[in-house]
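The data below hold one chain only, encoded as structure tokens and taken in the form predicted on its own.
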Amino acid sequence: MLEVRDVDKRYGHTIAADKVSLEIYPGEMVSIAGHNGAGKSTLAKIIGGIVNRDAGEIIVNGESLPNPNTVRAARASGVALAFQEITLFPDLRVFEHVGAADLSEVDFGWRRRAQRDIKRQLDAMFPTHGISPQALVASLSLAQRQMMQIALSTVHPDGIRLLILDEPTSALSDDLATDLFAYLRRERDENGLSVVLVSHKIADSLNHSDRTVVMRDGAVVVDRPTSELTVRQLMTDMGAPPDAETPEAGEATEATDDSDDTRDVVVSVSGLSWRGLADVACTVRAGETVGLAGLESNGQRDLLEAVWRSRRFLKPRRIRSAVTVAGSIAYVSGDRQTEGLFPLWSVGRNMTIGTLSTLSRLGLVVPKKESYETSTWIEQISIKATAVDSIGSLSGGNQQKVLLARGMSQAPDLLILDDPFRGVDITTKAEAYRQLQDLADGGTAILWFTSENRELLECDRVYVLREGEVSAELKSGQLTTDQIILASFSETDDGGATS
């Protein structure tokens, strides 16, 4: 189906693709894994016609794609790419993106066809999507935008033969990810669809691919059947130390007794009923990492926002009476494009915007202090960039690292994490977990929402939210993904479970 021959791509001194060769067969699902900046997304964009290659050849169905390649040429060959970053127009309606994707199809009846086509794809991929074709993109949640972007990539009058998914589940709940992979398997079995999956989620790579290709520093270093891989082997192939920790999904954290915990309470929530929340109560103590779990859109982000808004001068009455926060707050968002980055600024400026008061003298930033601050964090969390590089030139994972550095560098009393590791590779996550633990050891309270249940095992306690209410509080010793999943569902009269 696809043959990549000795493809090179360089950005100045940065090698993004180094003589990459790869073959994809009809009906095959191939996972491409690797550290942030390994060249995975660059390769996907080269195949999809977004980025021109410096050398090499791309052959689809026996025909060589032109160089410079184009999206139109790739699509005409049956190749489609769903981007890692959300590339939608916030002021357009959902169905209007179908027309914007191919203006040659815009005629008198295009609106009716576009609404039909995007709804059909969303229904097939995500049966519970809840997205109206008439909705404005700006009104959609991050998960809905990602669902829409994936569905939009497959709307094509002549069909798709090769679908490249770049971090497709980074904003999706486990249930939505399950729906997506079920659709891909059906299309593979019934229509011979080939799939290239670029993902930092180890479970996605190991559970949903026939073959795994590992890239490092722009080159393919491993290409083997996925059935031969273990989590530890894959991490080692990606460059992780041999002794990197890989806790199993069902492994409980070590039990501790916090009944006589005398640490100061940093966050106190009592009887909070706001937006989708109903009489929520929770606490976070100094030096404690508290996770928020549950199915997507069950109030987790509403709770984070309520805590964040509690420090504002003007805040809703219900938050004012129900939420108390002692000390300073830093917030790290997983929706970096709309809530995190200053896209026209450099890496350094994006990183230090939260600590300007400590880097200034008489109201002016001291360049030496700023330079030391940025270089320290760039080295500490392995950001593949310099302080003066444009933030837009970084991979999605490296952009997220900059936001993490911004939050952690403030050494706040409370650090709020809103699914901050979207698009971040597993080895970087492991290092970030250690740094978060160092922050907690220094007295910082951490309130952490994540869509990956595995990450919740790093917490001291977890509140599980269901339909806006706290359905369970799981303390260390009780923390397993099985317990988290069980508490995320409501019991029916006959003992079954419904979401």
Ligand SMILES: Nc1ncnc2c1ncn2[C@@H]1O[C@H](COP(=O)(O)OP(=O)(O)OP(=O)(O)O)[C@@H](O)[C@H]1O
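The numbering used is simple: start at 1 and walk along the sequence shown. From a predicted model like this one, the values you see are computed outputs, not experimental measurements.
One more form of this protein exists, namely the form predicted in complex with the ligand; it is left out here, but the text below deals with it.
Please pick out the stretch from 65 to 73, 447 to 455, 40 to 48, 467 to 475 that is in contact with the ligand in the model of the complex, where contact means heavy atoms within 4.5 Å. Contact criterion met by 40 to 48 only.
Heavy atom within 4.5 Å of the ligand in the model of the complex - the one residue of 360, 324, 236, 393 that qualifies: So the residue touching the ligand in the model of the complex, by this definition, is 393.
Contacting member of 226, 398, 121, 346, with respect to the ligand in the model of the complex [4.5 Å, heavy atom]: Here the answer is residue option 398.
Within a 4.5 Å heavy atom cut-off, is residue 53 in contact with the ligand in the model of the complex? Taking the distances in the model of the complex, the answer for residue 53 is no, it never comes within 4.5 Å of the ligand.
Does any heavy atom of residue 200 come within 4.5 Å of a heavy atom of the ligand in the model of the complex? Yes, residue 200 lies within 4.5 Å of the ligand in the model of the complex.
Taking the shortest heavy atom distance, is residue 169 within 4.5 Å of the ligand in the model of the complex? Close contact is absent here: in the model of the complex, residue 169 is far from the ligand, nothing within 4.5 Å, heavy atoms only.
Close approach of residue 205 to the ligand in the model of the complex, 4.5 Å, heavy atom: No.
For a quick check, can you give me the residues of 58 to 92 that have a heavy atom within 4.5 Å of the ligand in the model of the complex? Counting only heavy atoms within 4.5 Å of the ligand in the model of the complex, the single contacting residue of 58 to 92 is 84.
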